[in-house]
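Only one chain is given next, in structure tokens, and it is the form predicted alone.
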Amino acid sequence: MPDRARIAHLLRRATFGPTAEEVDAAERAGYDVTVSQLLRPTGSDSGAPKPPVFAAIAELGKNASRADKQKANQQRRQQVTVAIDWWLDRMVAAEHQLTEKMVFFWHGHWATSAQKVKAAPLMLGQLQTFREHGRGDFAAFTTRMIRDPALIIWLDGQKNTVKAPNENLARELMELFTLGIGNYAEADVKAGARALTGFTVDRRAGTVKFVARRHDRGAKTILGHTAAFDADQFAELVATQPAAAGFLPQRLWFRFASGEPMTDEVLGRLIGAGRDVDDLLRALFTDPGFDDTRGQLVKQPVEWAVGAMRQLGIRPARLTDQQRKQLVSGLNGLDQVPLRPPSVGGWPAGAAWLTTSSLQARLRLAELFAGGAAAPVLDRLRAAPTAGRPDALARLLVVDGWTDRTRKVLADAAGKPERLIQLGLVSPEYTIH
């Protein structure tokens, strides 16, 4: 594979969508240096906007009026909307693109929804936990996550007491977050739930509190080990199981490399990289098998939209209120709005994003993006000869090339740059990378 094509492939997967200038710079730096820069960017991310600060919402007593309850609920919804808008803007503007891409990956992995948590500060707190702790040792990260306020609320952890064990968090911790189905038994779930007892959440303060009298201090047998496990010991145990060593590489492979399972040889190499997340990412991006995965991933709607905005010079924060509503409404039409995964299993992948209805929603969003493209972007397209504009568009959108069928469609629209951009954004070559 030519160096530029190999670099473009890397950046398409490790960022939300590279600009042509970013590919140029990475080509000059070389592949290995680019991988290192993605994994270890220098300095703070000056492009990333700071998170919003929310006013506290008054606690309502049992006798609160209906009007007061409605007002509080409206405030919560407004704060979540602000949080979604902010995160979309950060995804576009962040210079440390792999960091933000990993935050989005973990969001789909731990799959916590604001629709149940109903507290924007807790959701933003979880995103910050992903940024600060999601790139090192996976066991330490897992220990951190079982104390995350939003995750505890999402999986009913605050209801888990010695007198009334709730198994939701223990079950999903093993099934969806660390081990996978078939690598634990029901008895492990019940014992794990006992280990996780005792936590409550202070929504106003955004903190988790351990209440000793609610915790089960008895001996538990989990995955063949017997001890008076507490939450941290339970998390450490599951995250260091042999099954976990293969589970996370599989998740990373499906999100960053291919919708098809990796070969045993690739899996063996990734397992050999250990359980540090950055080490796994480096092993993945430099594995010979990664080069062969071009054209095997369907972009998730958020990836598709954020990438388009990056390449077209659009900042969500600078859109009008109506345009931001159109953006989120469009993502809702594509069935993927940040902070609102559909279930604890997260979002689907692959061909699930390529339905007839999604194409209509994609066309409308692409029209919004094409209409909002920055003037220099449109000027570059207009500066190209009409016959050369499909190739100019390919460079702008970092597409390796068009099929004859797509090229003909684009050639017919080349006289209208906005229409050309819209068609390029919904093309198979852009949607599948």
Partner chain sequence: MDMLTRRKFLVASGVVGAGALAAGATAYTLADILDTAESGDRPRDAGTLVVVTLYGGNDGLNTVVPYADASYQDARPDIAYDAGEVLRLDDSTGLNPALKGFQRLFTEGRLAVVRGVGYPKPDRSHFRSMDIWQTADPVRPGTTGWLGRWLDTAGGDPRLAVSFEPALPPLLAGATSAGAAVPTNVRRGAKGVTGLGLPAAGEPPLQARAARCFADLDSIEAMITGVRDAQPTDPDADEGDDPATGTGGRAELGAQLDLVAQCVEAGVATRAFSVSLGGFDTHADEKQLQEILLAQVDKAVTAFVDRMAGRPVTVAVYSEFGRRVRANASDGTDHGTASNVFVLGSGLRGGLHGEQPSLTDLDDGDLKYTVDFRDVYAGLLADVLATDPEQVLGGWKGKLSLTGS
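Owing to the predicted nature of the structure, the values given are computational and were not obtained by experimental measurement. Positions refer to the first chain, counted from 1.
Here the subject shifts to the form predicted together with its partner chain, a form of this protein not shown in this document.
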Would you check whether its partner chain, in the predicted bound form, lies within 4.5 angstroms of a non-hydrogen atom from each of Pro49, Gln75 and Arg135?
no
Spot the stretch among 380-388, 51-59, 29-37, 363-371 with residues whose non-hydrogen atoms come within 4.5 Å of its partner chain in the predicted bound form.
363-371
Considering its partner chain in the predicted bound form, which of Pro242, Gly224, Gly268, Gly295 comes within 4.5 Å of it through any heavy atom?
Gly295
Just to confirm, with a 4.5 Å cut-off on non-hydrogen atoms, which of Leu122, Leu176, Leu88, Ala94 contacts its partner chain in the predicted bound form?
Leu176
Quick one: does Ala5 come within 4.5 Å of its partner chain in the predicted bound form, counting heavy atoms only?
no
So, Val344 and its partner chain: in the predicted bound form, are they within 4.5 Å at any heavy atom pair?
yes
Find out whether any non-hydrogen atom of Val23 is located within 4.5 angstroms of its partner chain in the predicted bound form, and reply yes or no.
no
Can you tell me whether Glu186 touches its partner chain? I mean in the predicted bound form, with a 4.5 angstroms heavy atom cut-off.
yes
Select from 386-411 the residues with a non-hydrogen atom within 4.5 Å of its partner chain in the predicted bound form and write them out in sequence order.
Thr403, Arg405, Thr406, Val409
